[in-house]
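Quick heads-up: it's one chain on its own, the form predicted on its own, in structure tokens.
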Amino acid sequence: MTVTVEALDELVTALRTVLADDQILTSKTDRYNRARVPAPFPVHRWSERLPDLAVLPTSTEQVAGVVRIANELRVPVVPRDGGTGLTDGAVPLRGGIVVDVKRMNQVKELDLENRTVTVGTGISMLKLNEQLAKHDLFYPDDPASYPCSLVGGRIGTSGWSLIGSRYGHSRDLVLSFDHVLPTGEVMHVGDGIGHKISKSSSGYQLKHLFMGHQGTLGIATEATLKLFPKPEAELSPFWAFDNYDDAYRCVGALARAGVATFAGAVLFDEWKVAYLRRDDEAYIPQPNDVRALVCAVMYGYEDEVRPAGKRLFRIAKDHGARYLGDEISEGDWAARHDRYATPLHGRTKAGQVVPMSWHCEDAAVNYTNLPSVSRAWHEIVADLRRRTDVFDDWGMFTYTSGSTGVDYLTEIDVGIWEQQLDDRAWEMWVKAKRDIAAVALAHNGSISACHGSCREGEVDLVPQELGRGFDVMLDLKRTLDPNNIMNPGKYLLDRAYETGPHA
């Protein structure tokens, strides 16, 4: 708790002017349940990351009221949507109020003519698509956490989609949204000021400023999204390879082929295949001689997906691929969301099975640099593993980011035995994360293509990556959040208040 009992009483009294009693949660259980995210953090320091209370607003007006009160009383505010983020955006580092938007989950308007839907940001992609399916439409934002991540979280992180090569990622699919600023003011951001406009040349493109800020610039409350026809056909062939190099060349050729229905490709390296075979309960059994895997995914109408698939099959065969068959292919692709919720365990160096949590470090890397980055990242994790049993290398995924294959989201997955984390092991992990980020920058990549980069370790290199742009971030933060109430402690933005007239 970071506010005194007296101050907490004053805060609750003020919040009762905009919320009902059952929308204000102060119990220990409610606060603990909204304090952490799936990515491991030092459990022995969990109590340092508790909010003072949580609130459950049901409207933009209520969110604005909560933020306005917090700004007046100088209390930190942390937005929380699905809580599935992997870079601690929803973790309260300074206590304060967690604003849980899950009750803001209604479909406000479905516009069948303009192919848009307007929703509360507390709705998940799964629940939204269940409603859209009645109209043969779908919203193609497809993270690994698809069943439980919410639209608001996708905006706050500028999320990445598994089928983004065909449909785009969150930043492309969100047309506009209502946004509560750190002062409690409400603004609508989109291209221009339109609610359903996809392209405007009027003024600055503020929509992108308010996407991916990890809750440091306010809270999105209602969003208008692009819709697409629900695909009539899906083709997701999995191909096996004897070695990584052939698989790497194949995935590049698939992405460069220019097939219109191509929605994405995934490359599993040898470490990943070994881990899946060893410990992943969602894994579909495959032959023992498989050393690397490639999956390509196509969506569209039946009469366009099947012919396009033939082209990709020819490309894969030319690169030495072996098709694993319809049953394995369809099963593995269908299991892509399950892995997010699968109970996880890893192995010590002696082979003992122990409970582990999943952590992944991601980066945006050009295709030509993928092999070099892969080698460097595995060596960093191997060094950790040589020194302690707390960490286990769970291999790497590489996903196309765009339809041309210019760059890829590449992530290394690390199992962490959280019960064994202490200050020493945590410091080793933080340094490793910093080293992993440094490798991405040394290869002219970005620290993160998907999850953000505001955790200990990688966040230290954000000023290096952005250069003068980081100073602009500080200027914007200080201007829009003069009292530093929105998610303080993230992205090194406290530096905005260390110098200048506001210090």
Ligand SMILES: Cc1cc2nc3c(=O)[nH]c(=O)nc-3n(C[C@H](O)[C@H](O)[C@H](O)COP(=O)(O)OP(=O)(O)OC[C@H]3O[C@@H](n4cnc5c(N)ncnc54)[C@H](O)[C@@H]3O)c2cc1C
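Nothing here was measured: the structure is a model prediction, and the numbers come from that model. Each residue number is its position in the shown sequence, starting from 1.
The form predicted together with the ligand exists for this protein as well; it is not shown, and the discussion that follows is about that form.
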Close approach of P38 to the ligand in the predicted bound form, 4.5 Å, heavy atom: yes
Interface membership of G152, the ligand in the predicted bound form, 4.5 Å heavy atom rule: yes
Contact label in the predicted bound form: D81 to the ligand, heavy atom within 4.5 Å: yes
Touches the ligand in the predicted bound form: Y323 (any heavy atom, 4.5 Å): no
Among the candidates V365, L227, L162, V189, the residue which, in the predicted bound form, approaches the ligand to within 4.5 Å (heavy atoms): L162
Heavy atom within 4.5 Å of the ligand in the predicted bound form - the one residue of V390, A220, A247, I97 that qualifies: A220
Per-stretch contact check against the ligand in the predicted bound form, the hit in 315-323, 421-429, 110-118, 142-150 (non-hydrogen atom, 4.5 angstroms): 142-150
Non-hydrogen atom within 4.5 angstroms of the ligand in the predicted bound form for each of Y167, T400 and S453: no
Interface residues of 221-244 toward the ligand, as seen in the predicted bound form [heavy atoms, 4.5 Å]: none
